[in-house]
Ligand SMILES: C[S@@+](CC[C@H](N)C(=O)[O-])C[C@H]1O[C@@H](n2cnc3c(N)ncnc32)[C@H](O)[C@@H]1O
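In the block that follows, a single chain appears as structure tokens, in the form predicted alone.
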């Protein structure tokens, strides 16, 4: 091979998990010290960022609903550009790259531009945050299944969810990024047959020391959110399994020990 040729390394699409650095996979932790540049999101917790060597280049691509620091198209192109100059690149994302993380879009852009990639799954926020709030997503007699949906559409377009299908009392419903549309989520589920007294957990900054869990009902959910001071990453867990939260709230006790 000509010495002037550049070696193209696979771009690593890595899940950082919901926040607690101890929930990083062994592989993700190892790769933090083996890459040249890390392109990371707003949801990657500071304790995880502190594990990155000082010599590693960092690029903040943080995104927030209605406030994109770096548009997705620019992120896609950046990953390609960095790989083409021979850098070992990590795309570090909160939760899991392929669960509402747009990792699939990034992977498609890479492969369509001739760039190899690998995916390192992370603990998705629904599993991690619910577990730390003492809420099993499925439980015999309370929930036969679980569904994950996003409560925010691109470009602030109206939600186009199958509300009738989602209003199932036998299923736990987990809503990512639902804060901006909490009134619509509550109203549509009730209109489509889900009891207005269905328990709801609002989990803010899950798995982190400042985790806060508010328990409400579907009808009171908008007021619960409006009267709270919660900011940042927030997840809604809707269903009868939320009734177990008080009895199984292990993390609050462990954090205070």
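Positions refer to the first chain, counted from 1. Remember, predicted model here, so these are calculated numbers, not experimental data.
The same protein has a further form, the form predicted together with the ligand, not shown here; the description that follows concerns it.
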query	finding
Listed range touching the ligand, judged in the model of the complex by heavy atoms within 4.5 Å, from 28-36, 217-225, 197-205, 52-60	197-205
Residue 43, heavy atom within 4.5 angstroms of the ligand in the model of the complex	yes
Touches the ligand in the model of the complex: residue 124 (any heavy atom, 4.5 Å)	yes
4.5 angstroms heavy atom contact with the ligand in the model of the complex for residue 182	no
4.5 angstroms heavy atom contact with the ligand in the model of the complex for residue 106	no
Answer option from 119, 166, 177, 80, heavy atom within 4.5 Å of the ligand in the model of the complex	177
Residues from 221-245 in contact with the ligand (non-hydrogen atom within 4.5 Å) in the model of the complex	233, 234, 235
